[in-house]
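Same protein, same chain, two forms; see structure 1 and structure 2 below, as C-alpha cells.
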Structure 1
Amino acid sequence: MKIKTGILAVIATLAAGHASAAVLRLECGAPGPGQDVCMTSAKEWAKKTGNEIQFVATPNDSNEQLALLQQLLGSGSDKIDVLQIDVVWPGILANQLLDLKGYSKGAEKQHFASIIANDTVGGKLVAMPWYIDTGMMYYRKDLLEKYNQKPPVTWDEMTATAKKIQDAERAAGNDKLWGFVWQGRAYEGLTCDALEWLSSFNAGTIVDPSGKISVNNANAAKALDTAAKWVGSISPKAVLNFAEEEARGVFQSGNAVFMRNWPYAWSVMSQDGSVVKGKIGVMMLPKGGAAGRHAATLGGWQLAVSRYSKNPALAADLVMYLTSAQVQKFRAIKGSFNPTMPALYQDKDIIKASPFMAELYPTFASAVPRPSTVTATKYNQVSNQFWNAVHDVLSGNAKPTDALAQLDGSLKRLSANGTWK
C-alpha cells in the first residue's frame, strides 16, 4: 500500500488492479478497532467491484472533525467521497450531502425508524445508519461479588457501592482504585453524559422537541449536584479532563469499579491481555432515584456521500455495502458496534460475541436523542454552552442553580426566544 499525504493525510491506498478503476476516498475514523473493521470491509468492496479505495485520516476529536468537514464541503472540495457523520450532524451538513434515496432500493426499511428519521432532512435521505451507540454502565463483577453488592439501580446506590468498595480496596493496599470514571472533559462527550443525568432525574433534554428551552429546573440542578459530588470522592479530579479513552484506560487497568462508556469498550476490554477480561459486567445506567428513569444518550455514526464526489453512484454503492446487514454483523462481532437493524439483535453469533446487546436492546431502542433536530444548525452552539455550564459546576466554579439560570438566558438569546431557524 502506498502512503500518500495531502490536506486530509491519506493514510492508506488499496488498488484493485484495474486500469479503469475509480478512486474513492473514504474516512474510516481514528486508529483502533473501528478503523480496522472499516478498512477490512472497504477492501472487500474494492475487490468485488474492481475500484480503488483511499483511506483518509481526519481529526480524532469530533468537533475538530466537523469543522474540517464543513470547511471541505463548504469549498466544494472533492477530497473526500464517503464520510462519517455523527448522529447530530445531518441537519448541519444536509445541504452538502447526496440524497441517497435514489440508491438505497428500500434498504432504509431494515434500520431503526428513529435513526432513518434522524438521517432524513427536508425529505432527503442524507445518510445511512452505520452503528448505533448508547451510554452504558460497565462494572467489575468480581469486586461487587467480593463485597456482596448488587448492581445498583439508582445513582445514589451506585455512589454508595462505589465508595464502599473503593474505601475497602484502598485499605487493603489498592490505593489506585477509584469508584467511578466517566467523560468529564468540556466537549460533546460531557453533553452526552450530562444529558443522561438530566433525563434520569426527569429533568428534560435541554431543549424540548417544540423548541422550548427546558434546562433550568430543580431536577436538573439536583442531577448536576449529584454528579459534582463524585469529583474528588469516587471519581478522580482528573476526570474533568477525561474523554472515552481516558476512562477506559483507568477501568481496563483494573483501577475503577464503575465506568460510563459506549459499547465499543466491551470488545477492547475483552481481548486477551486485558486485566479485566472476564471480570466485566454491563448494565443500564442508573435512575435518578425511585421516581427517575434509566436514560442513555443516543449516539452513533452514519455514512454519507459528499455532493461534490466525482463518482456519486459508486460512493453510494460503497455506503450501502458498508451499512448492509452482512457488514453490520461483522462489525458487531469484531468490534462490538451496535447494529442499526432490529433483526440483528436476534442473531446468535452477535449475541454470543456481545451478550449485552440482547440484554440491553430496550436501551438501544429507546435512547434519548440530543436536541440536534430542533436546534438544527445551532446545535453545536447549544451543546457547547451546555457542556461548559456543566463543567463549571463539576469544577466547583458555579452552583448548579446559578449555572442553569445563566445557561437558560444564554440559550434564549441564541434561539431568539425559541426560534431555532
Structure 2
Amino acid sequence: MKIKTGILAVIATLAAGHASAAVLRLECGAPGPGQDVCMTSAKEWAKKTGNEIQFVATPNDSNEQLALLQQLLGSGSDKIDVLQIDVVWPGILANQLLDLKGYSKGAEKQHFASIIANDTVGGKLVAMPWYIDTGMMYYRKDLLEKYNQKPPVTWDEMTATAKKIQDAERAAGNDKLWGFVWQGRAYEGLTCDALEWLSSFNAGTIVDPSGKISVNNANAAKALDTAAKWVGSISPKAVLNFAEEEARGVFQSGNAVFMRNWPYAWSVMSQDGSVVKGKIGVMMLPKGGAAGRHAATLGGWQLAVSRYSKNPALAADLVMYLTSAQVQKFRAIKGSFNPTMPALYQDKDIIKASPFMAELYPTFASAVPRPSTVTATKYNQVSNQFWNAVHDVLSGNAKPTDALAQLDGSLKRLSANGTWK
C-alpha cells in the first residue's frame, strides 16, 4: 500500500513538475457535512502531491447537478477537472469523460464487478466507484416484537405484518400509524423502488443488458399489482408524492412500521433526540413470493475526469486516490459512505462504526443496476416513461397489464428497434 502511494506521489510530482503545482477543480456535491469529508481527503492528496485543489459546489438536487454539468461539459469548459457522477450517468456523460483505463493500473479489480461494469461504456472506463447505495428495508423492532412478528421474508408477509400492526395500533389509539412508507412520487426514486419490486418477482430490469425491452411480462404485472394494493391500505395516499425525506419524516416521527429507503437514513435516525433511535432494524427488501429473490436497486456515486481537463494525468491520480481503499475506509467511518470494495466489508473498524454494513453486505454485492449503461443517452427517457407508467398504476388510473403494454410500445419506439442509438 505504502509503496503504491509512494509511486503515485512520484508520478504526481513528475506531472506537477511540468505544470508546476497545478490547480485542480474538484466537484463533490454541495457544501455540508458530506462535502467536508470529501474535502479532508482531497486536501491530503493536495498536500502530498504539492498541488492545489479548488472545490466547485453544485446544487444538492441531482437533477440540477446533471443539468449544470451537461451545460459546462457541453461547452468544453475546463472549469471542472474531477467530478462526482451518479450511478446512472456514465451512459449519459460518457462522451465527455476521460477513459481511466490507462491510469487505474488494475485498481478497478478491487471494486464490486457490477459497478465497474456499470461504469464501463463502450469499453471505456469512464468513472471509478466512490460509494454505493442500495435500497433497504427499515422496520420498527419494538413494534414487531410487541406483536410477536418475525421480520417478513416476502412482500406478502410484509403486507400482512404491516396491516396487523397498523390495525392493532390504531385500535389502541395510535391513529397516525401507517404500515409501510416508500417513494411513490413521479421521479427517479420511483424507478428505483419499482425496479426492486420487478426484480424481486424475477420480472427483469425493464431493459435487459443486451438492450432488449423486457418489461411487459406477467411477473412485472404481479409486482405492480402488489404495490398498487398498498396505496390507501398500509401506505398513505400521500405516498404518491413521497420522496426519500417525506418517507423518513413519517418513519422518524414513529408513524410507520416499515420503510424502504437508502442507507443514509440510518445515521440520521440514530442521532440523539430521534424518537425511533434504538428501535430500528434493517433487513433486505422482501422477495416477490417464495420463488422470488431479494433485490435492491444499485445507487451511489462515482468519480470521473472531464475530457477537457488541462491536467488529465493529475486529475486521474486524484480520482484513484479518492477511490482507494484507504480513503474509502476513512469515508465509511467518518460519513458512513458505503465502500465499493468487498474487502472493506470485513474491516473491523468499519463494522464497529456501522454494524449494518456487514449485515447488508449480500445486498450491496448483489444490487441491481438500472438499465442506464445499455440505454446510454436515452436512459432518462426510459426511466421517465417507466416511472410514469408505474405512477399511473399506483394512483389507480391504469391497470398493470395495460400500463406495461403501453410502456412496452413507447420504449420500442424510443429504442429504434433495440439499438438504443
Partner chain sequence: MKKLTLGTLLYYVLVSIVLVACLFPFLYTIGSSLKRGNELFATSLWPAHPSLSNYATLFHDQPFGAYLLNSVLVSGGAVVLSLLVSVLAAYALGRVSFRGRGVLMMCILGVSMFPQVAILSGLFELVRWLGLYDRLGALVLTDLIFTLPFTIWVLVTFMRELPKELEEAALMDGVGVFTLIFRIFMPLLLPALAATSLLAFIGAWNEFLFALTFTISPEQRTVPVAMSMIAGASSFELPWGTIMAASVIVTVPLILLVLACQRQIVSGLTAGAVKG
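What you see is a predicted model; the values in this text were computed from it and never measured. Structure 1 provides the reference sequence; residues are numbered from 1 along it. Think of the rigid core as the biggest set of C-alphas that the two forms share within 1.5 Å after superposition.
Structure 1, not structure 2, represents the form predicted alone.
With both rigid parts superposed separately on C-alpha atoms, the smaller turns by 16° against the larger between structure 1 and structure 2.
Per-residue C-alpha deviation between structure 1 and structure 2, core superposed: Thr40, 5.6 Å.
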